[in-house]
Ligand code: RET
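This document starts with one chain, in the form predicted alone, laid out as structure tokens.
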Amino acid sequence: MTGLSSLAVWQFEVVQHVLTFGFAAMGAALLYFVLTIKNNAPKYRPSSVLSGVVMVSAFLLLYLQSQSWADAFVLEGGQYVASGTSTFTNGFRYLNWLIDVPHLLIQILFVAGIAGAAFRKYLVRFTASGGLMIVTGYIGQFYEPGRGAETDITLWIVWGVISTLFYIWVLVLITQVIKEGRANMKGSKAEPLFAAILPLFYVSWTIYPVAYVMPLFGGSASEVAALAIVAQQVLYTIADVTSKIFYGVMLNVSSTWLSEEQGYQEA
């Protein structure tokens, strides 16, 4: 990921702790979705199943990221220095997001009550916009500042901008879906909670492009560069937890309330 040669002990530990918190949270959330799936009527359950898939994928990614971070540095002379035997990269995060993003976008369709041709339309558009957003961001991260000879700020920015354009497409689509979902659940106590997903989505998903540009603030000073990398990893993990766990829980509670109002009772 970076040509960064050293980290203060606290910088190394903050990232290690945050990554550990991330995969522990995904594991706990997986248990939650498994235990509560029968609270929902069958037509809503695919949303919880997809949340479970996302939790497994994110758990494995963050666990491996934690191990990779530990392998990339060794304690020497009161600071952590590059081990020389392993490198840490964000590339694995993008491959994880390539799995998670379509699932996250599609699962809301079940709770919003979108079916038939409209469901198929959104499924194709979500898969295309989400997938292209991640693939273009993945290409861009190869040129990230701090990667030594591979650094190319122009290409890094260009691919980041292209990825952001696809992100805007995602925002337009999710806004439409939530608007339609609110109309479908008009008068339900679930409507306000479902509506609150939109601001959560805007905030949590926008953290990702903010984290993407963090290395730009590293400059040439090694101490500032280290802070930028630490900030990037913290932001990525915060975004993962809020955009996957908080979002999934809000969808699950909404569908549980809808199920109850529609007369569903767990057998």
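Just count from 1 along the sequence shown to find any residue number. Just so we're clear, the structure is a prediction, and the values are computed from it rather than from any experiment.
FYI, the form predicted in complex with this ligand isn't displayed, but the following is about it.
Visitor: Among 176 to 184, 78 to 86, 119 to 127, 96 to 104, which stretch sits within 4.5 Å of this ligand in the model of the complex, heavy atoms only?
Guide: Contact criterion met by 96 to 104 only.
Visitor: Heavy atom within 4.5 Å of this ligand in the model of the complex: which of F33, Y44, W69, W205 fits that? Just give me the one.
Guide: Contact check passes for W205.
Visitor: Taking this ligand in the model of the complex as the reference, which of F194, F110, Y167, F73 has a non-hydrogen atom within 4.5 Å?
Guide: Contact with this ligand in the model of the complex is made by Y167 alone.
Visitor: Give a yes/no on whether F59 approaches this ligand to within 4.5 Å in the model of the complex, heavy atoms considered.
Guide: Residue-level check for F59: no, no contact with this ligand.
Visitor: Indicate whether S243 is a 4.5 Å heavy atom neighbour of this ligand in the model of the complex.
Guide: Answer yes; at least one heavy atom of S243 falls within 4.5 Å of this ligand in the model of the complex.
Visitor: Should I114 be classed as touching this ligand in the model of the complex when contacts are defined as heavy atoms within 4.5 Å?
Guide: Looking in the model of the complex, residue contacts with this ligand do not include I114, since no heavy atom lies within 4.5 Å.
Visitor: Does this ligand get within 4.5 angstroms of any non-hydrogen atom of G137 in the model of the complex?
Guide: Within the cut-off, so yes.
Visitor: Please tell me whether the candidate spot formed by G146, P215 and A226 is one where all three residues come within 4.5 Å of this ligand in the model of the complex (heavy atoms).
Guide: Checking in the model of the complex: none of G146, P215 and A226 is within 4.5 Å of this ligand.
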